[in-house]
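Single chain ahead, written as structure tokens, the form predicted alone.
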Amino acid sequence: MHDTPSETRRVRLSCEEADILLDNLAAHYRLFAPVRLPGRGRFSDQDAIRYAEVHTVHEIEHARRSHFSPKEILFPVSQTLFYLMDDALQEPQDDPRDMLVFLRACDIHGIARLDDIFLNNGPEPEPYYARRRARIKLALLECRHSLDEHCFCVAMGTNRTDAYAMAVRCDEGQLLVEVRDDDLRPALPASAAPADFTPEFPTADPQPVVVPDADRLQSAIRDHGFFAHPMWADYAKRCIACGRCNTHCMTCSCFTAYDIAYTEQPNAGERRRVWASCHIDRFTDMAGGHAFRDENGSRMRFKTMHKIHDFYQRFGRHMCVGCGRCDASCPEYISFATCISAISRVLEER
């Protein structure tokens, strides 16, 4: 789709007009958004909110954050990289259609972190991620305030963004839409009424989170035995190494690869990429039976330092985007936001 004007369009749509918009977009894009899955939540009487393909505006969950992050659209939980057939190698056919993904501001920042890891972290971009990333446009799901008590995006500086092609706000049964992308603008229904709409963003977290100063943290790591601080002992007692904080996180990107042989076809198989996690057993296993970070507290320390120190040293911004999914998903009620503030207190005591 192409359009001559370059100005941003801001309109108000009824539910019927919003569905027309989605129908028009669906002619060119697969549409992904958070949806409510009844009875599939953490407990038997709870709903789950996860990303799925949508076709109507009523399917989109506007008021709650998804329990699972949208990163699986770009970086699937399990992904076949190629098939082996005798001496031939064949890559699987991926859906060639472009995608439009509806995201919160923190998750848009999260995709920027994944871009750093997969596209900007070496001499060549990672090809499987790069192919999907090139086919994706981002639509902002407005958060005018924090969605629940676990959010801390303001502290991490990820509460605001302008890196979107389209923005939407659900407003009293209608949809306010801002379209900035020339390719998306023709999808607006002709009956759309102009509106004065500019996305708003949270300005305060439910609970204050103090992010440690990068220079002081680096100094503590190098000069003061910070890794041996007693604060990590608490996590050794409480963490059960389930890995939910990693798998729910928007920016965790570790994976492992498996070669799978077919029993009925000994000359055929596949290589599959599967999510891995620094909190889960065997992540650091090495040849000869050696393993690092067997203690759960050391795994928490490793993850924390990666999120707020190592990544920052390389890319100039924190890996954590403050979405709060780790805090919301932990069965032991361990708070990563509290851990960040605890580090700041430890540095102040030195």
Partner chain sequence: MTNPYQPQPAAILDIRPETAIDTTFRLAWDTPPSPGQFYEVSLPRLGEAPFSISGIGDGYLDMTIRKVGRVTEGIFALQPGDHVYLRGPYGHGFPLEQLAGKRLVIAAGGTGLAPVKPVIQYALAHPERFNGMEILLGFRSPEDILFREEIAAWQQQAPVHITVDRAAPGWPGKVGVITELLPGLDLAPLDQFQAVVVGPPLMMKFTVRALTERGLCDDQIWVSYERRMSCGLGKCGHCKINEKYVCVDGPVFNFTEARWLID
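All values derive from a computational prediction rather than experimental measurement. Numbering follows the first chain given and starts at 1.
Below: the form predicted together with its partner chain, not depicted.
- Distance criterion of 4.5 Å from any heavy atom to its partner chain in the predicted bound form singles out 218 from the list 218, 191, 203, 198.
- Shown without its partner, this chain lists 162, 86, 95, 172 as candidates; in the predicted bound form, only 86 has a non-hydrogen atom within 4.5 angstroms of its partner chain.
- Interface residue remark: residue 244 is not counted as part of the site for its partner chain in the predicted bound form, having no heavy atom within 4.5 Å.
- A residue is said to contact a partner when one of its heavy atoms sits within 4.5 Å of a partner heavy atom; residue 317 fails this definition for its partner chain in the predicted bound form, lying far away.
- Using a 4.5 Å cutoff between non-hydrogen atoms, residue 253 counts as a contact of its partner chain in the predicted bound form.
- Within 4.5 Å of any heavy atom of its partner chain in the predicted bound form lies no heavy atom of residue 229.
- Looking at 61-69, 287-295, 48-56, 30-38, the stretch with residues near its partner chain in the predicted bound form, meaning non-hydrogen atoms within 4.5 angstroms, turns out to be 287-295.
- With contact defined as any non-hydrogen atom lying within 4.5 angstroms of its partner chain in the predicted bound form, the contacting residues in 237-268 are 253, 254, 255, 256, 257, 259, 260, 261, 266, 267, 268, given in sequence order.
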